[in-house]
Structure formats: C-alpha cells, structure tokens
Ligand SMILES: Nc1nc2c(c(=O)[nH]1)N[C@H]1C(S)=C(S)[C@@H](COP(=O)(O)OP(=O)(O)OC[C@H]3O[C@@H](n4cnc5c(=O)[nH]c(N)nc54)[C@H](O)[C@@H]3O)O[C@H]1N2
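Just the one chain here, laid out as structure tokens, in the form predicted on its own.
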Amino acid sequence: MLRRMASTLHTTACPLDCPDACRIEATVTDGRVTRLEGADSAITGGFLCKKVRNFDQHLYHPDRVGTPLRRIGAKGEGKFEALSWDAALDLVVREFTDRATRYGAECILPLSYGGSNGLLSQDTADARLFARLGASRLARTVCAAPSGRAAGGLYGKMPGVAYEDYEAAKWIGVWGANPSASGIHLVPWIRRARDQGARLVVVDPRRTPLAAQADQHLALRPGTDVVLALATMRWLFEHGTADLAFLQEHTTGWEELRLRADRWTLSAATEVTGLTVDEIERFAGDYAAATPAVIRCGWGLERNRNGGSGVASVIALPAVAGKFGVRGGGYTMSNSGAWRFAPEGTLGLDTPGGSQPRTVNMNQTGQALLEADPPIQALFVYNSNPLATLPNQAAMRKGLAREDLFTVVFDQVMTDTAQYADVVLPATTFLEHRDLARGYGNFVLHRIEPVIEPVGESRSNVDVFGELVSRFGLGRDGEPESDEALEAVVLAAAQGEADLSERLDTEIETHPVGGGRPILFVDSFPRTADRKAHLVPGDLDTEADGLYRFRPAPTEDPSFPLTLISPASGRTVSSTFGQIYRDAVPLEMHPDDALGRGLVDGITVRVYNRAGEVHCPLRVSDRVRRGVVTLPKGLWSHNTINGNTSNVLCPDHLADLGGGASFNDARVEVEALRAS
C-alpha cells in the first residue's frame, strides 16, 4: 500500500544577488522542498525566475557539502575525509591561533562578498569574529564599488525610481543592464510602458533581449560610456534643452561639469564610442523631448578603468536634462539606500586596542596571496567562490595552491575554490536558516523563515561564526548572538523605521517610509548635507584624478585587438548554481571578426593574452558588436575545455573609483585550437 506524502506550504523570500528580493511559496513534502513558486506580489507579479524555481537542484545536488571535511590529498585534487564539527572547529582555531602567534593577526584574511546574503548572514557574527581577531580587512570591491562611490558622491545614495513607476515613463533607457538575466521583474513594467507608447533605448555592446526589442540600440565600445553621456550633455547645453533652473536650484558643480563635457562634440564622441553622429544625436534629442524619462543604470558599465566616471556621467544626465520632479522620472541604480541600517556600533565590531589592520582589495587577492608582507597565512573563504569570480585567476589559483597557506572554505557546495581548502565546512541555504532580505531594485524588506531542517550537517553563518567567537575566547556578556537577537539589533538600527519588527510580523511585503515609490526631488532628495546633487564632488574628483576623464585602454597591444567582456548569465547568480551546469560554454564573436580569422561557428578556439588562455567552443553571432567577444562571468572550471575561465584573461588593475574591478579591460586574440 502506497504511503500518502504530507505536503505543507511555507512563505519565505529570496536574498540572492538580484535587485528583486522576491517573496516565495515553498512546498515541502516529507521534509524536502518539492516546489518553489512566486508568492502574490503587486511588484513582481507572483512569478519567480528560472534560477530560483529550480533551486531544489542546488539544494539536493550531489556536490552539496554534507559534513565538515579535511584535506587528505594535494591542494586542488579534491580529496577529503569527513570529520566532526567539533574536530573541524578545533582544527581551525588551532591553526589560526598558531599562525597569528607567529606572524601577527594580519596574516589572517577573511575572503567574502555576500551579494546573495541577507542582513543577518553577512557583517554580523562574522564581522565580530574577524574584527576581534585583528585580521586583515577586505575591501569588497569586486562589484558595485565604483557605482556606489559615484552614487554616494553625487546624490548621497538617494533612492531612485521604483519599478512600478516605469509604467508612467515616456522614454526608458536601459544602460549597462540586462534585466532579462538579472532583475527580470523590471521587464513587465517596461513592457507596460511600451504598450502605452514609451520609447525604449538600450545602451550595451551586446544585443540583449531588451535591445532586440528596443526603438534604439546603441552598441558602443566597452569603457566608453562616459564619452557618450558627456556628448549627450554637451548636446543638451548646446541646443538649449538643459534645465538651467533645476541645475541652479538643486545642484552644485554643474558649470564645471559643463566645461568637462564641452570637448565631446558628436564627431569626437563617435571616434571613441564607435557610434555614429546620427545615433548619438537621435539619442540626445529623444531623451530631451520626453517626460517622464527614466534611466535604468546597471553595473555592466562600471567594470572597466572608467567605471566610476561612466556611472557618474549617466546618473548626472537626469539633473542636466531636468528629468526629476515627476513620477517615473530620473534614474534607478541601487535602491538599497532606502533602508538605512547601521548596526555596527551595537554589534561589537571594534578591533583589539583600536588598531587599524591593513586592507586587502579583493580584486587583487591573488597578488596578495603571493606577495603580501607580512604574508597571508590563514584564509577564511565564505559567501564567495573567488577562483571563479575574481580577476587574475592564475595568481589566485597559484596562491590557493600554497602548501603553507591554511584555507577554510565555508560553503553550500564543493566549489572550485573548495578543492584547494584544508577544511571545508557545510553551510545552509536561505531555505534552511533565518535572515532578512532587502531588495535593491524593489523597495521591499522580507523576513526569511527556514522552510526545512538543514540538509546534512550544514550550519548557518550566524551559528558557525558565533561558535568561533566563543572558541577563540572573544565573546562578551550580554551581546546579541542568536538569529532573533541579531535581527532585533539590525532592525532597531534602521533610521526612521521604528516599527519594522512589528510590520514584518504582519505584512507580506514591508516597504520603507513613504511606501517605496518616491518622486525624486519632490518627496525624496539627495542625502547630502545640503540636499543638493553634487555633480563634481571634490573627493571623487581627487580619487579619480579628474572625474569624467576618459582614459583609453591601458594596453593597445596590436597582438590583442579584441575586447573581452564577461556579462551575467541567465543560468547562474554570479557563480552560484555553477555546479549544476556541466556543458562547455561558448565564446561569442561577431561574424566579421570570425571571418577575418578563418573561424566558423562550433569549432574549438583558444582565447588568449599574456595572462593566460581559455579553450572553449565558438559561437558566431551578430548579437555582439565587432571587436568585442563575450564569455559569461561566474563559469566554473568544468565549463571550459582547459579549466580556465574568462577571469584568467582579466587584469587586476583597478577602476577610477572605489578600487573596483576592471574585468572588461581584458584584451585578447582568438584562434582555432589545433590538436597537439
């Protein structure tokens, strides 16, 4: 007789690195997640992206780490034996203590990013541990650092236009973003606007799904966004369509910005961007004429040497053109600033004796593992898969392979990075622990409740880092330790949101004060001291050695004439879910570039520069502009033929603001791979 399985429905939310922060309905049958669907929401329409609908493939994948592991083979071989949590944590404490005693606490480096974590599993118990150890600090700059600096400097991270208000826009610009792959819930709002007559313009070197539907697609050269934006500003001033009254009342530095834009005539801009005069003039004229007009500024344009200036110039455009002050007018980048959490003072994140340990820029981790003085002797990797996500992959791999480096990887699955670990600790997913999920596109905050018991022996970040604080003898009486206590501290630290905890108890979707649909410069102003937009802020101008200055490619070696960009994939969230997809991912190249090299679709190619090479299939397609090739970010070693990914070709020099990554400054050549 068949046993009837009992199913229950649970409501939770998604914290993965996506702007949308969707509410989820999870079906659990006999203790296992069997179905994930979107919960009812006026913002997201109650649907989930394919990545999260199929999250059970990640949750129960054969590569899921089920128990603590200790390395028994050479680094990189992936040979481990199981051990207990007590034995694993004792080993971590012993090795970290020994190295800190011999080399100083700065020899310890925590390596994390955490875009897919909530407000409890990042920068709470983990930050407490590493601060009190006196470990080296990590500058988490692999993503959003230049854009964060630009948005903070110009507008004080003022929240932008809500997804729902795109429906009101008459002109929508999607610049350096591909919502079809990341942030998909913006797409229906754009479609509604278009159904009502709105024009859609996409600025991207690739013909993304939205670009294929757009009224205009500007396929500019990577790294030249600042030139296109400044040329547009010059046109606005020259044709009398700049809003001088708005600039005088609500901004500072606009006269200097006008001077800096003045050199970028349409003809000068065409030489740099690869666009035509007609394309740029049409873009500027249509933008000037439309009200409301909104720009969705993504993160793709920050991934180069001009990234900070590129973002600053794009988000300055609505001020110059006078596009604020109406619903659906202005720009959207990250709306995370709508929730102002500042719990650091109550979490005990002070360092020993008030010391200031050195800071390591995560984009240069490979270099630091090989060259830092004093040397890095203990590495704790969590919320991150650096071998798959950081530039200068060859240095990263060589550093991880050091036999004298003691490496801990705390992750849900056996990643490429975990293959080099001395100890691997199993981590829970968001379906197995408590957290808070904050949208940075949608204006939403959710409480995440676990829907199943942890798989295997996996534990949460709060649990493991709290336990390590205790084992290192760094705990203090009365400080918040449990999920509930940490949540209370985080919520209490939200400025202007005194009733957040109560609202989360009763509301399906909690929004910031004002309902999360601000009209910019009407009920939401820049979070600067004078509530004005600072279009040429002095600190950014100094940091960038001249904000809005276009810097040509750092290497113009004719041996490597192609620009490699590594956009987001529709299958993964950065590198998360990479263990699921085992196929070889192709390099994409324009037909003219392929023809000139005697290459045809489907062959195996060698993509190379002086840093390394990748062997992969070739896809010939006019979806990418001439002179540009693409290979998605977040690939794992099994997604290419020789185990290297695009990151092996990417330099680790930094962008002009925020110490950001410059992945898209990679210059390469491509040839057919010949059998040896």
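Keep in mind that what you see is a predicted model, and the values were worked out from it rather than measured. Start at 1 and count along the sequence shown; that's the residue number.
There is another form of this protein, the form predicted in complex with this ligand, and it is not shown here; the text below is about that form.
Contact annotation for the candidate site: 324, 364 and 658 all lie away from this ligand in the predicted bound form (no heavy atom within 4.5 Å).
Interface residue among 299, 171, 80, 96 relative to this ligand in the predicted bound form, by the heavy atom within 4.5 Å criterion: 299. A heavy atom within 4.5 Å of this ligand in the predicted bound form is found for one listed residue only; from 266, 455, 573, 190, this is 573. You can rule out all but one of 443-451, 467-475, 223-231, 523-531: in the predicted bound form, only 223-231 has residues with a heavy atom within 4.5 Å of this ligand. Residue 204 belongs to the set of residues with a heavy atom inside 4.5 Å of this ligand in the predicted bound form.
This ligand is not shown here, but in the predicted bound form it comes within 4.5 Å of a heavy atom of residue 182.
This ligand is not shown here, but in the predicted bound form it comes within 4.5 Å of a heavy atom of residue 115. The closest heavy atom approach of residue 142 to this ligand in the predicted bound form falls within 4.5 Å. Along 631-659, residues 633, 646, 647, 650 each place a heavy atom within 4.5 Å of this ligand in the predicted bound form.
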